[in-house]
Every structure is written in C-alpha cells, then in structure tokens.
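First, one chain by itself in structure tokens, the form predicted on its own.
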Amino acid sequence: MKVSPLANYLTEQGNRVAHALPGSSIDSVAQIRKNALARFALTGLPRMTDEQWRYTNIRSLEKHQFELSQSSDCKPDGVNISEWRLPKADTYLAVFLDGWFCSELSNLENLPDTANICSLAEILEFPTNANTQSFELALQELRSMSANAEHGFTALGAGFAADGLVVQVGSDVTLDKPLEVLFLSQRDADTRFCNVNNFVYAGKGANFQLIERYLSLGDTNHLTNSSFTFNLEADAQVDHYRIQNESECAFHIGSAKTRQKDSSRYRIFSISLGALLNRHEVIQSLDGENSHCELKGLYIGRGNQHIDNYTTIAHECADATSDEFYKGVLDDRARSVFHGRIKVAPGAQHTDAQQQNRNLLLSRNAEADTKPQLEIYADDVKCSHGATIGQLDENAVFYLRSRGLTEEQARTMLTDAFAAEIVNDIELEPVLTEVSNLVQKKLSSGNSIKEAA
C-alpha cells in the first residue's frame, strides 16, 4: 500500500495531540484512539483501487496538510447565530464551531425529562460521567468505529474523537420541536480539520425530527469528517434532514449509519450542494420485522465539484421495506458518483426494496457515474433498481419557448422541475423553504445554464 504524505502527517499528528483530547486520562478512551490510529496507519486514506472509492479520487485533498481544530479555535463572539440558523424555525439548537460544541450559541433548554442532549467532549472530559448511559453509548460506538473501520476516514473519526453530539430520547417521547444541529466552519478555517462524531438513540416509540446542517462562514478549504450513528428501538420514528452547503473550496466526508428494530421508521433527506469534494455514506441495517427506511437525496454540482453518494441498505429480517431515490444535476465539469447497494439476507422474506437514481447533465463536460446494485439471498421478495443519465428534453424546451419563454428560462424551468421531485417531498416547512431557496440559488448562480450536450 502506498502511504500518502497526508496520511503520515495525520498519523503523527494524532499521536502528538492524543494527550490533549477530552477523556485522554480514561484508559478505555485512550485505547480506542490508539487502536483507531493504528488501523488508520494500516489502511491509509482511500484509493481508487478500493472498490468503494473506485470513482472518487481524493488527490486534491492530499495537497494540503490539515491541522486538527482545537477547542481554542471556537470563537463565538464573532458569530451572529441568527444569520445562520434555519430561518423562521422553532427548534432546539446545537451549534458547533470548527467541530467543537458552543454552548453560548446553542439552545437546548426545556427538553422533556427523559430526553438528554449533550456534547461528546463534556461526556469524555469529566470522570463523573464515566458510569452514565451516555458515556457507555458513546464508548460502544467509538469502539465499533475503531474496530470495524472500512476505510481511513472512519478510523480517523475514532482516532481523533473529541466532540460531537450525544442524543438520547426516551421511550414514547415525542419532541415538541425539531433538533437543529448546525456545524459552522469559521472564516479562518483554512486547512483546519474538523472531526465530529454524533450518536443518536431513539427509545421504544420515540418520535422526533433532526436537522443536520453544514455551512462555511468564508471560502475556506477546511476538511470536515463527520459521522452520525442512529439506533432506533421498536416503533421509533426519526425524520432526518441533512443539508451540506459548505464552501466550494472545502472537503467534506460524512456518514449516517442506522440500526432499526421492529416496526421502526427512519427517513433521511440528503441535500448536497457545497464542497469541492463531498462524499456521504448512508449505511442502513433493517434488523427488525416491519421496519422501514426511506433514503431521498438531491445533489447539484458545478465547476469542478465532485459529489459521491455511497449507500447500503441491509435487509436482515422479514417484512421490512425500503425506498431509495436520488437525483443529481451537474453543470460545467462537475462529476457525481452514486453507488447504491441493497442486500437481502437469507430468511428476509417478503422484503420490498426499491431504488432509483436519475441524473441530469447540463454540460458536455459534466459526468455522472451510477452503480445500482442488488444482492438477494431470499426467494420471496419484491426488489427493483434503475438508473438514468440524460439531458433536458429538447421537445419540452421547444414547447416552452413556443409559449413565450426564452431558451434560458425554459431550461431553468425544466431543471427546477427535475429537482423539485425530491424537494417537494420534504414535509417540514422551514426545511422545505430553505432547501427550495438554496436549490434556486445554486441553479441560477454562475454561468447561464448551458445547452445540453
């Protein structure tokens, strides 16, 4: 394996800063970090020779030497949070600056008694937390990340584990308003490495909405490595909205891993607009009968942006259902990757799994790579998958022009309609409004929409 200078630098840095990270005095935490960095030293950063990264080259990322963000980098005095939080939304709010929880900008008051939301750093830093349920939850997940890391970024996540959010919603609790988790990268965040690990537990019958947002306060080339892990008990329901709109000079690696028990419901809307290189992994494990998940995604790329969506849905039990639908719009020299895998285990009878990926190219130089995949080891299932890559319908453009629209207006209208099929499925009104505005801005910015190839 060829080890890159950046991988060597990050390994050395991890060993150098380990003593200063929260919980470094706790043997179990220190051992997890040590094991994770050792695994990273073996795996290195992903290569295109790795099947899961076959179409994504991280060479542009390796040109930089990223320094782990320090808690001292958190400067809330220069941030007007009202400018950055979700407009016209009444939410519980957790704010992170360059990967560190900022209590001054957050608002987690008046939570139900059986709901607990706190920062990972706080849990790790104070020994009195060592025997709490939150500590055990975080420790278990970090240990799993360290031992089972499929690639270098997951190993880095555990090796540099410092902060994030730990959410526990008790049985039969319905949060009265959504939880908004806002990750901000500051204006001086060039070559800063923001590493966050978030763990969410939904008790039996719990019901809540979580909004995950990433924004940059400046055009910085920082690296975000962020993971969310969800555990849903029986009958729990979680709606997860994810909006990644960081600087188009930044690098973003994210993941959402979910385990579901009987009759639980999980739905994610993943909106990818920012970052020069963006990869998001969604790993679903339907471990209970009658569990259901929905994966909806929209990605829009321009310039030299590279957007990679890697999804896996594992049907482990009978009578579970999944519905996956991703759409992409690519202009200029942008490139997208969609790799969607559905696996039906032996005995997972009566599985119903649907998967679709559709891509719209607005430029001769844009590129979309798509690989839908089914692995079925049961004989009584209903599964389908499909993918399309194409341009705007010239007959539709001609029809709109015959009704008085200019060519640019006609193409813009058709592109908007293509994206709206995903956007209009968002049920939470403030998120729908925000995503609609961001999509309109993204599609209308820069050069005029070009004639399709």
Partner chain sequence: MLSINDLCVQIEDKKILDGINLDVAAGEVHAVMGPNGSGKSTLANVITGKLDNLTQGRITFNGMDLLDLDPEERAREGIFLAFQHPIEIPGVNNIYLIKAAVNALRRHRGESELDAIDFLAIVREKMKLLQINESFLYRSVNEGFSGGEKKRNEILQMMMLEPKLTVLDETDSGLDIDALKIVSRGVNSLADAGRSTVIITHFPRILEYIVPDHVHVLIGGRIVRSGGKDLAHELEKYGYTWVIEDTPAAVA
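Residue numbers count along the first chain shown, from 1. On a predicted model such as this, the values are computed, not experimentally measured, just so you know.
Same protein, other form: the form predicted together with the partner chain, not shown, and the subject of what follows.
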Stretch in contact in the predicted complex with the partner chain, which is absent here, among 398-406, 61-69, 26-34, 44-52 (heavy atoms within 4.5 Å): 398-406
In the predicted complex, residue 393 touching the partner chain (heavy atom, 4.5 Å): yes
Non-hydrogen atom contact residue 414 with the partner chain in the predicted complex at 4.5 angstroms: yes
